[in-house]
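Listed next as structure tokens is one chain, alone, in the form predicted alone.
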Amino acid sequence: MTPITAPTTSERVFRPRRYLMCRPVHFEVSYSINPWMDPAKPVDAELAVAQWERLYALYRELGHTVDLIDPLPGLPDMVYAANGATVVDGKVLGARFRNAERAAEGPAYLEWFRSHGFTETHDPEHINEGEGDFLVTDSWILAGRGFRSTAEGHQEAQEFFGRPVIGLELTDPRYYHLDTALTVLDGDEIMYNPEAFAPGSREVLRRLFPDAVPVGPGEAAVFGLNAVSDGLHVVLPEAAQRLSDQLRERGFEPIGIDLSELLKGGGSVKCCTLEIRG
């Protein structure tokens, strides 16, 4: 496999995207399935909605199309739309969650796609948690495992999409999904936190992406890698100031946003954003 070289800053190009989001009207932290969730810590539900609304408005201001799925009572984590499915070339791979608390989200998201004209859909047999663990570059689908999604789920995705899937082992429970430890910036360009991966996976990333943006533990800890890029703009948590500086040096335009209430559930910008790739 040929290593990827980053483009020059003059080549940054904005590409309008289509996203699916879910308003957090039922958001709360009533159970704990990751280290960020503490049911004893109060959540300001109104603030969570207001912060989410700012992200929704920002995408539209930037020129993206944003579809909405209706939130369902009893599914407080449905706001984390990225986990609901993976969409590549108009084909929709549904999610199959590891934790019972989120199990009903997969069918709900898959039904949305079917009711909106998507005909190539797949009910997964093996555990995968959507774009939480499947991140799509031009050449590959990068796939996280170790805490949620499984190697069998990776193989199922490869067979369904017909694209090479690169399995990556996550080792830090704080970064339980790939989208908390790695961001696809543009094409085959990424940024990632090496400390979140097993040694072999770090070596795979180093070989494939020698020009990747390295992200330190401080920026990772504020969920700086739970970001969304359109090839020019990178929307990320506003607390990741140093990472924003790194991105500017690469020619990107970082946009910081506060999703601190939703971080109490273990998610931020990317977790709230499912990309619909036609």
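Since this is a predicted model, take the numbers as computed values, not measurements. In case it trips you up, residue 1 is the first one in the sequence shown, and so on.
Below, we refer to the form predicted together with arginine (ARG), which is not included among the displayed structures.
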* Asked: in the model of the complex, does each residue in the set Thr86, Trp140 and Val184 place a non-hydrogen atom within 4.5 angstroms of arginine (ARG)?
  -> no
* Asked: In terms of non-hydrogen atoms within 4.5 angstroms, which of the given stretches 155-163, 118-126, 76-84, 190-198 touches arginine (ARG) in the model of the complex?
  -> 76-84
* State yes or no: in the model of the complex, is some non-hydrogen atom of Tyr109 no more than 4.5 angstroms from a non-hydrogen atom of arginine (ARG)? => no
* Report whether the minimum heavy atom distance between Phe113 and arginine (ARG) in the model of the complex is within 4.5 Å. => no
* May I ask you to check whether Gln246 falls inside a 4.5 Å heavy atom distance of arginine (ARG) in the model of the complex? => no
* **Heavy atom of Phe147 within 4.5 Å of arginine (ARG) in the model of the complex** => no
* Structure fact -> When arginine (ARG) is considered in the model of the complex, the residues of 153-170 having a heavy atom within 4.5 Å of it are none
